[in-house]
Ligand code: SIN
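Presented below, as structure tokens, is a lone chain in the form predicted alone.
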């Protein structure tokens, strides 16, 4: 993994090269965010306080529904309702601007870059008391419990909007190295869907059970990625002994990474914005590096 600083004129490098670097496990770093936040929006976000607020720990914006989650509308009097409305507008604008930038920056993904959730993270990361699977300060690769990707890649764009403090990460070796270390022994490799299994899942989906039991919608690939995410967070020996390096992202900067591939943890920092994209596996410039390709080579079969 390398931290690749993007020059002021990124167009001097072919877009395919930026895709290739991302797909190899590098993090693309923008010292000055290419998606600046308007001053009024920034002032509003930095003024949010969670205690006694209608806002929760992390607030997600869902572009496909134009809706927010992580807000308590039950206690929303006129003042709180206005706060929620303002935040909704800010995250909608941020999501749109981030999508516009990525579409112009990573042109090889044109038409295969799907907008997923955006989020606002107002809490201090250091010292949060959470169960292991929900902790951000433990190295992990990303997988979504309720939104299986079926082989699409998880690409995330981050903004550190804190005016003074860095956002402090540690990153580990790319997915291929740790999967080959742990998957054959500690974690069962994915099994193919049998005809009966596919029929049961199809019947469950028709009955609407997939919304209640997300595991029914997971492909063998998604099932493994979810188990792997949990395994890494719960493996104390891995957390203590794995090779890792520290990265500090200064105020006003942005960075871009395939977080299904790059093991990462957030040790400290407050006030960040993030936009997630799902990228079709068929759009990959270097598909051999993707978790799906790595796992299918290890399993000797298709997994989606």
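Numbering follows the first chain given and starts at 1. The shown structure was predicted, so the numbers you read here are calculated from the model rather than taken from an experiment.
Although not depicted, the form predicted together with the named molecule is the subject of the following passage.
Partner proximity in the predicted bound form, defined as non-hydrogen atoms within 4.5 angstroms of the named molecule, places exactly one of 82-90, 166-174, 220-228, 103-111 at the interface: 166-174. Although the partner is absent here, residue 142 lies within 4.5 Å of the named molecule in the predicted bound form, judged by heavy atoms. In the predicted bound form, the named molecule lies within 4.5 Å of some heavy atom of residue 158. The named molecule in the predicted bound form comes within 4.5 Å of a heavy atom belonging to residue 136. Using a 4.5 angstroms threshold between heavy atoms, residue 266 counts as touching the named molecule in the predicted bound form. With contact defined as any non-hydrogen atom lying within 4.5 angstroms of the named molecule in the predicted bound form, the contacting residues in 101-130 are 121, 125, given in sequence order.
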